[in-house]
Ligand SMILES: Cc1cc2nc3c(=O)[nH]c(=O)nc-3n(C[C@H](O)[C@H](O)[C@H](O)COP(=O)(O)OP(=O)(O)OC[C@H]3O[C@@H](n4cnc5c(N)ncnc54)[C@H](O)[C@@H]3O)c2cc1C
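Taking the form predicted alone, here's one chain by itself in structure tokens.
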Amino acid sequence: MVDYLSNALWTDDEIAFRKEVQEFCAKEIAPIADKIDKGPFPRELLSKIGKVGYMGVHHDRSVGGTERGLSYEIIVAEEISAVNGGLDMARMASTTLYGMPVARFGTAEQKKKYLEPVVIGEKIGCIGITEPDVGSDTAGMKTRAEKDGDDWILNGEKRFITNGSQADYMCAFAITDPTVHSKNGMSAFIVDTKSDGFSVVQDHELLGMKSARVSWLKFEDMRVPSDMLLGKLGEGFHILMDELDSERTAIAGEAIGYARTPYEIAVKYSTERHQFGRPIRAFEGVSFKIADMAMKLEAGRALTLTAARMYDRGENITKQASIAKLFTTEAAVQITNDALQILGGMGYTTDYPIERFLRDARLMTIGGGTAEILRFLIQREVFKEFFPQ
């Protein structure tokens, strides 16, 4: 393991924490990393991650967290993803995608009952945003929730939901007032997946991230008690946007992880592999790739930490989170592809895990905000800064 820890950007405590997470990953995840790629992740492994506190670094102590902040979450995301990207996608879907909306908008009772078990690893969460006809255009959501006495009745579908078939709880978004724009007529609900009317249509077969389970789900006249409303009625769009900033920053941390391992393998291989009487690192076609990979990793880590630090200070990070996710996820695809190229034919075999990391990396220029929508968000925020209204 190469020492990335003597970096001026990190505190001594963060460096010590990273070493701790690395030791856990080496002991508990690395020996079965290839095996669990056949999926799904072992539920008991996610429980172990929760028990050692890595589900709760950015959650309050009142719900079993350690209140360390998003800067520690990106360390966990990087280190687990450096071993198995799909496993961390499942972990993050539970603790960040599901967990942060409940943490920031839930009542004390909701947090105790529906967040604490997730933070300590006893239960699994997911978030229900994407639909068959709704991806980047979340304002076009079609899932409906109608009031019936003291309950809400949910009808609709959600697709590409990480942990969908594994989750105990979901943070589900639905239109509660179709007479107004969805930015004002959308609400969020905590859903118990054991409820009547909730069903799993199928788990999608994916190119990568095979340790996770990504599902197509249905709500059919599913009754949700009124005390499961998350936040205020009509506040769903705000909750959704708030969650995306922390999600995108955490994904950026993951991207560094699943780019880093192929990079390390390529550096070592370029020294050991000889052609024309020399190690292939002596050829600029290889060594310049290594230089580019190192540059992208260092830049990506700095961008991601900037977004996390700002978030922990309570600042708006829409631009910074979008930049970090866009840069790191595109860099991860480039780095894993270049690493495979350096290994040549061996890189294309399963003797090395580079092909797995390349498959995993490809998803995240789509999930959590496509590269195209992130570019739109970045330019929008830039023009807001130059021309405030």
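Computed from a predicted model, the values in this text were never measured in an experiment. From 1 onward, residues are counted along the sequence shown.
Omitted from view is the form predicted in complex with the named molecule, to which the following refers.
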Contact check in the predicted bound form: I127, L206 and L363 versus the named molecule, with a cutoff of 4.5 Å between any heavy atoms. Do all three pass?
yes
Per contact check vs the named molecule in the predicted bound form (non-hydrogen atom within 4.5 angstroms), the hit among 306-314, 157-165, 176-184, 263-271 is 157-165
S287, Q110, S136, S195: which sits within 4.5 Å of the named molecule in the predicted bound form by any heavy atom?
S136
Please run the contact check for A145 against the named molecule in the predicted bound form: heavy atoms, 4.5 angstroms, yes or no?
no
Heavy atom to heavy atom, is V118 within 4.5 Å of the named molecule in the predicted bound form?
no
Examine I378 and determine whether its closest non-hydrogen atom to the named molecule in the predicted bound form is within 4.5 angstroms.
no
Evaluate E372 for contact with the named molecule in the predicted bound form, applying a 4.5 angstroms cut-off between non-hydrogen atoms, and reply yes or no.
yes
Does any residue in 208-246 get within 4.5 Å of the named molecule in the predicted bound form, counting heavy atoms only, and if so which ones?
V214
